[in-house]
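Encoded as structure tokens, the following chain is the form predicted alone, with no partner shown.
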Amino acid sequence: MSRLAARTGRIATSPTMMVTAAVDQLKRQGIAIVDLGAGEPDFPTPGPINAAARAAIDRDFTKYTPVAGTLDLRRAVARRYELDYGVRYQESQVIITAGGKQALFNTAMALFGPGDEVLLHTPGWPTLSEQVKLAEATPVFVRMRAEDGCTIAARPFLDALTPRTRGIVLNSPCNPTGAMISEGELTLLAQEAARRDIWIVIDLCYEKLIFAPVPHNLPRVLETHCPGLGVICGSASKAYAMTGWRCGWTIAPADVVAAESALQSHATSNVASITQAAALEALTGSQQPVAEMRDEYQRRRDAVHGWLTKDGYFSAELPPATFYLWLDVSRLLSAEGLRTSNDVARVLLDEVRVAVTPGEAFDAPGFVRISFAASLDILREGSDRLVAFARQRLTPPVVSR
């Protein structure tokens, strides 16, 4: 008999966290690494947010809060979405969580169970499917087309629906590709979800990092076409450079939030009071730092895309959002040499000391994820090493597609 609970055998360690751990280990050994694998902003948390946290400590705001979060913060989340998307929520429809990951975990546990099928897109963030497994439901993977830039489309989901389908989970903008679902495509899904009584869960953690001037009012689409069946999971981590603060939220029908609050009360209880004070300032204060960070990410995106694709060794779509470049490394693969993008990532780390995240982590062999949440100098150095690595193995250079 196994010493561990059966559920531990159904899940795997986060592959993105494994990359972080490998880089940390090398750094502790004194080895300099160009880290293009990090999935977090390199900017400091904006000053007013830090000041709000210090002020909370000074006034001894250090006790338990309600499990679902302070009333002020829950109202601030609702108000932020009203200002940004024109949708109105009550505080009973909001719960504050320890990051977007807990928001999504709570949701999976509250909505899905044995016998349910949950549709997820690939390439996609691996945590989403692991959470579905922990809820004892079955993840069903729906592949997006690389030739379309992995844009999230409705038709593959509609084709995958069965009588057992309980939910659809979308990440838009998407980690790792930066791709999005359009309002029109989500409308098709939402209308079918309403007919079949299927939940739609949207991970909006990268919602503030959209570069392309395209409509992306997904909360409004859900409210209009499948009211009572939409769940929004968001986070302060990416938008406000607050990854370590651990603050996210779920916006959902009140009965779903009540169920998630009950779950959370037996897991973590409330998010740290100091973090909640900081998040309140983030959501209600000036949004100019968000715009400035987004503009800088766009400059970096344009630069690193040009550096990595100009010689034809690699190809990549220009991502409309996030801080990730989804780089096609298939030209480096061969039966005699590097067989997988896992192999590519390993050799890049071992030989040229550049950390990237392999596509297998996102169920997409042949690609690696490049994070441009790093300075232009670091991105330039990393790009130069990657191109030199490819040039050594592909001579003469191939012609870019």
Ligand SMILES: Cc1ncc(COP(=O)(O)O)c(C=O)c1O
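Worth saying up front: this structure is predicted, and the values here are computed from it rather than measured. Residue indices: 1-based, along the sequence shown.
There is also a form predicted in complex with the ligand; it is not shown, and the following applies to it.
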Name the single residue among 132, 231, 205, 77 that comes within 4.5 Å of the ligand in the predicted bound form, judging by heavy atoms. 205
Listed residue that, although the ligand is not shown, lies within 4.5 Å of it in the predicted bound form (heavy atoms), from 125, 313, 199, 105: 125
Which among 88-96, 255-263, 106-114, 168-176 is in contact with the ligand in the predicted bound form, heavy atoms within 4.5 angstroms? 168-176
Using 4.5 Å between non-hydrogen atoms, is residue 246 touching the ligand in the predicted bound form? yes
Taking the shortest heavy atom distance, is residue 100 within 4.5 Å of the ligand in the predicted bound form? yes
Does any heavy atom of residue 237 come within 4.5 Å of a heavy atom of the ligand in the predicted bound form? yes
